[in-house]
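For reference, the chain that follows is the form predicted alone, supplied as structure tokens.
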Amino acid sequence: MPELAEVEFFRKQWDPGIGHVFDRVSVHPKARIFRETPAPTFKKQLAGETLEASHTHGKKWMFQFSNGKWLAGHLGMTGKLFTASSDYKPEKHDHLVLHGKATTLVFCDPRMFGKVTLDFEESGGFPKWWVDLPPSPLDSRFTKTLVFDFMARHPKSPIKTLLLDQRVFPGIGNWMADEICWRLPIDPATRTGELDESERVAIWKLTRQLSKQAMGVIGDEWKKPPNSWLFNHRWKDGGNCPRKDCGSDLTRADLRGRTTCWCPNCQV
């Protein structure tokens, strides 16, 4: 599932539409992405509106339209946002398409694990649910105290599982959690209550550091991360630890329902 930086990249793909009016909306009415807001609502409420701004938070994205309308959602496993020419013809998996005279905005999702919703705020402010989201790792409110308190409430959780909890680590997904554990280095199955203070501080710092780095590498132009990251070596069996003084075979296994990759030599 796309994580913090991937979602930022896809948000930017719709930015060429900012300032443009979209006079027609195409939908696939039975697509599962409309499981919370009925598909006809998008056709009725977004036609004729202007795209004004775009935002991301963790794994969520949101687009502000004129007259207090907010289109929000997440990409699921296979969703993507892209901009096409004004004469673009929607294809099989293009479940939500906004047509303008200058450009077309497309949400494509073959497996339909993604979702879209529509909110209305007459005041022009953000929807309340967006305001109430926990601070991003890139936010100054993502403090040591916030992270330490959460760890203290879940001492038996593996640190990898804790890092995936969107209540405190919004935008951190599978590859980012593995990367943080590898950089520490620590076994991802280590219980949170077993961490000493220096390890807790390191997790907080690494979460912020990796989030910033991922935004610069992936969130900007979808560039390939450097080979010094675990990222390039973790996806298939047979990878090796990229740490210069290691090179050991990586291990891949299930940890509480999530495929996890780590170096059994470094992360002990």
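On a predicted model such as this, the values are computed, not experimentally measured, just so you know. Residue indices: 1-based, along the sequence shown.
Heads up, the form predicted in complex with the DNA isn't pictured, but that's what we're talking about next.
message: Within 4.5 Å of the DNA in the predicted bound form - does that hold for a heavy atom of every one of K12, W204 and K223?
response: Result no, not one residue of the spot touches the DNA.
message: Taking the DNA as it sits in the predicted bound form, is W129 in contact with it (heavy atom to heavy atom, 4.5 Å or less)?
response: W129: no contact with the DNA in the predicted bound form.
query: Are any of the heavy atoms in R32 no more than 4.5 Å from a heavy atom of the DNA in the predicted bound form?
result: Within the cut-off, so yes.
- prompt: Does at least one non-hydrogen atom of Q166 fall within 4.5 angstroms of the DNA in the predicted bound form?
  reply: Q166: yes, in contact with the DNA in the predicted bound form.
message: Would you classify K101 as touching the DNA in the predicted bound form, given a 4.5 Å non-hydrogen atom cut-off?
response: K101: no, not in contact with the DNA in the predicted bound form.
- request: Just one of 70 to 78, 116 to 124, 134 to 142, 181 to 189 has residues with a heavy atom within 4.5 Å of the DNA in the predicted bound form, so point it out.
  value: After filtering at 4.5 Å, what remains is 70 to 78.
query: Just one of R243, K59, R208, H28 has a heavy atom within 4.5 angstroms of the DNA in the predicted bound form, so which one?
result: Comparing distances to the DNA in the predicted bound form, the residue within 4.5 Å is K59.
- request: Would you mind checking 147 to 161 for residues with a heavy atom within 4.5 Å of the DNA in the predicted bound form?
  value: R153, H154, P155, K156, S157, P158, in sequence order.
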